[in-house]
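In structure tokens, the next block holds one chain alone, the form predicted alone.
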């Protein structure tokens, strides 16, 4: 299903003239330098194509296909790294000693030529780098011999004349020596044009590529297309998954005898045609390369797409899953840029959609400005050595997706301060399990140190409109107990968890007792005890704000789990504080009102009751600071 959906998306992108996506025989590659060649094949200049950022980034170009090469020697046409282009490599001294020097001492072939050596690194022409260069040269003669083009002729002259041993003797090469040997790719420029964009070069390469494909060894029925066609032995690498190898990782890969079946090994064991392999890998790499289609959730890199050329679906989906947090001051009069205006429009659109979801009405085209029946997909990938693991996979209509994520935001709705986010992204929600103020929680990175399983479990619950995972709920409760405070994100999740559990019939709690803001009429005892703890804490603070040891720091955790042990002591202490406080009579009234619904203190609160305790504590604290003219928001 995943590969088929990606293949269909490739066909959509291929028809869209505004999208740059590789055609068969080509792929996107990161290019660092362009070697400018004279008609005689001499390198006259080296052009740095990297960005001007503090950490320069290579430029992405559409070049002849970079097929996977694992440990073999596989040269790429007109675009490759220094080992293939110059026949030279750089090794760490320890690596050099292990790979080259020891073999030479044991009588192995001594063919390496050391060009430069210092305490840390060795620049050399090794047997392997020499083979790489020779393979690079042979490939281009096979492809371009017979092509009558000035650029091609100068390129072949360069290959025929280049001597790897003279690498450091070339003044232009010497200028970028370290950058060249750092592993970046090179393209060639002849007579002011890139060689890989030359019409004659592309025609020759496409003929060569077509001949190679026709000569594929295995023809069988493809699992994707259902047609008999050449089967891909190796699949192109997928790049851009956070934490995966820089060179990319495989989504479909077999590399062990244990995976052989009916005598079929490697990817013949799950036959995918060459065409389908190219389409799905190209489409997935395209999605991973564009921020509009990619978000990070814990250690999972998530891509999403709609089966349409209309980008409205993806813009709205991105906002729903990863909403941009509101500015602290809504009345900011600063000029608005285009992104801010778009955000405001999208936010208004989301609010209108949430109203319909709250009312239980069906989402239609007028609500989301696109066809709600459009197929929509979400794929979560995480690294696993040289391969990728699928954390979650979702496919449904876009209208259903909007309704389900909208329900998640409604369930998370909670009374909050002006500085707290109205809509919480999944990443921020996961960070609620981390220590407050910690480096990981403050980080903008998409890979905070949360449990790798939580991201997938929470996303599944959101996308399937199911109860949230108890692992996440327990992690939030533990964090609140340890931190002895609760913020709007944690309170919102506790409320959402209890709401969904109640709807699913997993608890005796009634749904109407789980509210957005303070519910003074709630008879739920744990909820009232949470409110009572907030009142007792305030009574103490009214007396002395400078105390180092407070009832919160000493009793919060035990009060939320074993109230019968703690509250008699706290009520006794409160009389002392009330007697000294100017506002003591108000505290007494609040305590009396809350205790009117409590016959006895429970000996023990289970997890659901602890959640209600914390919800009551949060609501009561927010109510202390709520303006009198504001009307509390009630209802789920």
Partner chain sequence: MGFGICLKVWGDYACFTRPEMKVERVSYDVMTPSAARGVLEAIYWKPAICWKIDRIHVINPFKYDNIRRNEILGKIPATKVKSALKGKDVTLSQDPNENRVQRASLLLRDVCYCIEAHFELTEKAGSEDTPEKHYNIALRRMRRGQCFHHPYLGCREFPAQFELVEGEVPSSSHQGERDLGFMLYDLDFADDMRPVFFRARMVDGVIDVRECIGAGGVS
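This one's a predicted model, so the numbers in the text were calculated from it and none came from an experiment. Residue numbers count along the first chain shown, from 1.
Note that the form predicted together with its partner chain isn't included here; everything after this is about it.
Heavy atoms of residue 359 never reach within 4.5 Å of its partner chain in the predicted complex, leaving it off the interface. Residue contact with its partner chain in the predicted complex: residue 78 places no heavy atom within 4.5 Å of it. Using a 4.5 Å cutoff between non-hydrogen atoms, residue 2 counts as a contact of its partner chain in the predicted complex. Residue contact with its partner chain in the predicted complex: residue 221 places a heavy atom within 4.5 Å of it.
The partner is absent here, but in the predicted complex a heavy atom of 226, alone among 226, 523, 483, 199, sits within 4.5 Å of its partner chain. Contact with its partner chain in the predicted complex, judged by any heavy atom within 4.5 Å, is made by just one of 417, 210, 261, 245: 261. By the 4.5 Å heavy atom rule, the three marked residues 469, 554 and 567 all fail to count as contacting its partner chain in the predicted complex. The stretch among 422-430, 485-493, 510-518, 459-467 whose residues place heavy atoms within 4.5 Å of its partner chain in the predicted complex is 459-467.
Using a 4.5 Å cut-off on any heavy atom, the residues of 229-254 that reach its partner chain in the predicted complex are, in sequence order, 251, 252, 253, 254.
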